[in-house]
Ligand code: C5P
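Here you get one chain, nothing else, as structure tokens; it is the form predicted on its own.
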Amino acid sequence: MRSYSLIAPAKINLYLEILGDRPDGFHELVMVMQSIDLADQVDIRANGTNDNRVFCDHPQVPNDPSNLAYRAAELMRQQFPAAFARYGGVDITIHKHIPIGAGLAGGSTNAAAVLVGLDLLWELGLTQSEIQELGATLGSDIPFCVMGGTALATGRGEELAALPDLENIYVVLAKYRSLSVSTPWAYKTYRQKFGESYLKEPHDLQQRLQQVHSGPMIAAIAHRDSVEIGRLLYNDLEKVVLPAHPNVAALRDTFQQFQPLGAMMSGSGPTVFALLNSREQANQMKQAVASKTTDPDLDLWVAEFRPCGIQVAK
């Protein structure tokens, strides 16, 4: 049976601004997304049946149709019935390293890996853009997870513009194992509290997008200025998640005490991260935070910025 193993990286947000509402019910966003080398491995193997099946070594990851990786396989089955008839179903085995419910796009990157893997397994010859378009029907983060690297994301997050790769930047991540934050809750709560400030007119939205595109964060990335990137970290969702979860706010404050380039919550949380200029500094900060918090529920990782998304494992 033919098979592929794929590396599925996590992502963090370096910038997340909520501009307003969209006609489809989502929010109009402008974000800078960054891949990191904290990654799952997704194995895809033809199983000789007419069924797609999902397996995972993490007990909290569902192996039923609610799993986004399973839904990605079913989408490919629907879109390419002739290929499915020829090759049949697959077993998808997820080796989990990205924490779940962390705001790091773990489910989305697994789905992206399935789309890429089935394109290879079924010899479809799809372009990256075609795979991203398929992924966008399943989730807003999936197109970025396919591409990876550093990107400006607009719309609901599916419209991407590649930015210069960022090298030699390291990240310390921390998450309370028992804590998850619902992304729909975070955006709904933000709308309830700050909806009156939303931009209403298309011209205003377009003007704000242009301002960000030519603004300080994009300039800092263009110049690969890690100090300035750290200083300009921004996330609107901190305004609703941190008050609701004081322990996450306290964790971010703890990170900032050690004077990294910058520290922030990623996406809808509850993962908090800090940026540093070397792996040595990152490892030292990880140890320092672990010593200061001494909470057995807190997990910490060190990762490096990664210039690409889904890749076949070597």
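Predicted, not measured: the structure shown is a model, and the values here were computed from it. Residue numbers here begin at 1 and follow the sequence given.
Omitted from view is the form predicted together with cytidine-5'-monophosphate, to which the following refers.
Proximity of His27 to cytidine-5'-monophosphate in the predicted bound form falls within the 4.5 Å heavy atom cutoff. In the predicted bound form, cytidine-5'-monophosphate sits beyond 4.5 Å of every heavy atom of Gly101.
Contact between Ser140 and cytidine-5'-monophosphate in the predicted bound form is found at the 4.5 Å heavy atom cutoff.
Heavy atoms of Pro184 reach within 4.5 Å of cytidine-5'-monophosphate in the predicted bound form, making it an interface residue. From the list 144-152, 176-184, 79-87, 228-236, the contact stretch for cytidine-5'-monophosphate in the predicted bound form under a 4.5 Å heavy atom rule is 176-184.
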